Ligand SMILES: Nc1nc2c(ncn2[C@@H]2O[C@H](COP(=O)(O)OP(=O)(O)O)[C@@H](O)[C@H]2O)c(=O)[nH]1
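Only one chain comes next, encoded as structure tokens, the form predicted alone.
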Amino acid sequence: MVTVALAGKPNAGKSTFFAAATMADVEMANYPFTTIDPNRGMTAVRTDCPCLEREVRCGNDYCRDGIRYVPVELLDVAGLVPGAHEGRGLGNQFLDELTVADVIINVIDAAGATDAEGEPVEIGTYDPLDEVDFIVEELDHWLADIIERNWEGVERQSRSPDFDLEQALADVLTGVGATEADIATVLRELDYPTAPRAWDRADFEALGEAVRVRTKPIVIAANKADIAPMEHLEALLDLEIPVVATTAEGELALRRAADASLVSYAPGDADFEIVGEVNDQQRAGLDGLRGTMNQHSGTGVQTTMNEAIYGLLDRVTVYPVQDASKWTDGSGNVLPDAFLLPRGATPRDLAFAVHSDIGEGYLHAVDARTGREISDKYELKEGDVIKIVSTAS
């Protein structure tokens, strides 16, 4: 299961984003550290379901008339303040919560309506660009601190004739999701002292930044786009990093209205239709939200999730089936499962994703669209429907 973490300063709208994306009941309030313990929930990324190629839609619970929602885990971490890596605002505890994340969504108050500490100020008086560097710098310092705290152990290991720096650093950083392969890639791109005893703080900082870039990619959710001054939004959207204009409050309102049968809306739609009885105040609110959605092609919440998974992580959605002709499992369910795999994954990788026993007993795979056996080295593509043949099937 892919894990996405929401990070940012207090009152940027993380908990609202989380509630909108998961429809979970969470506390949302206008004061710092509303969230202390992280909220965990399930959300989804949106893609086209292969059932669109069939005469009848699959009827899967995660499919809405050919729109497939693939589950991912969402983690809402408490607000971070400047100096978090030094423990300010329980910062170290909150940063530690990010270790399980495959990708981070940095929720920013694009309206500039809260200061660096998350305290309310007049709209437009705080520069949201400062929030972009703030989270990145806190993560980089935090990782550098972890490396520095453990460096004495690395130096001791370096006295051994079979010392391996990549393995030693992987041991130090495995807790933040860095593998030995990640460390090897990072070290190839860095200029660093050969002898561990010669490393200094600058080297730790450089390594921390490189590890963060590789293992904790970040997409910016420019939140409160509905009230943000245009110059703030334009400055954020002009950054050479992934940025999505969002209104988490708008998404939450739409999902609640859809649940109440007041509107017809599916997460990620660029518009909605009023289908129930609404009063004048509700209609005015919905009309205002529609204007924001027209400007930004939706509320941005689903777009942000998709950018995190399909963009930054470069995952593809693959559907394993037992019956290649009917696209069903052993119980006759059509396209029951969907897996988000790294681009470049092979049928054998899919087999292991389904179950370790299936992977261990892997024999070959069949492309369900063509009915033909495919190579073990075949790189799976978005929307592939694959039958795995295994001794454990």
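Residue numbers here begin at 1 and follow the sequence given. Every value quoted in this text rests on a predicted model; they were computed, and no experiment measured them.
Just so it is clear, the following notes concern the form predicted together with the named molecule, a form of the same protein that is not shown.
Trainee: Go through 247-255, 260-268, 305-313, 170-178 and give me the stretch that gets within 4.5 Å of the named molecule in the predicted bound form, heavy atoms only.
Mentor: After filtering at 4.5 Å, what remains is 247-255.
Trainee: Classify V275 as contacting or not contacting the named molecule in the predicted bound form by the rule of any non-hydrogen atom within 4.5 angstroms, answering yes or no.
Mentor: Residue-level check for V275: no, no contact with the named molecule.
Trainee: Taking the named molecule as it sits in the predicted bound form, is A116 near enough to touch it, meaning that at least one heavy atom pair lies within 4.5 angstroms?
Mentor: No - in the predicted bound form, heavy atoms of A116 and the named molecule never come within 4.5 Å of each other.
Trainee: Test of understanding: in the predicted bound form, would D226 fall inside 4.5 Å of the named molecule by heavy atoms?
Mentor: Yes, contact at 4.5 Å.
Trainee: Judged by heavy atom distances of 4.5 Å or less, which residues of 1-21 approach the named molecule in the predicted bound form?
Mentor: Result: K9, P10, N11, A12, G13, K14, S15, T16.
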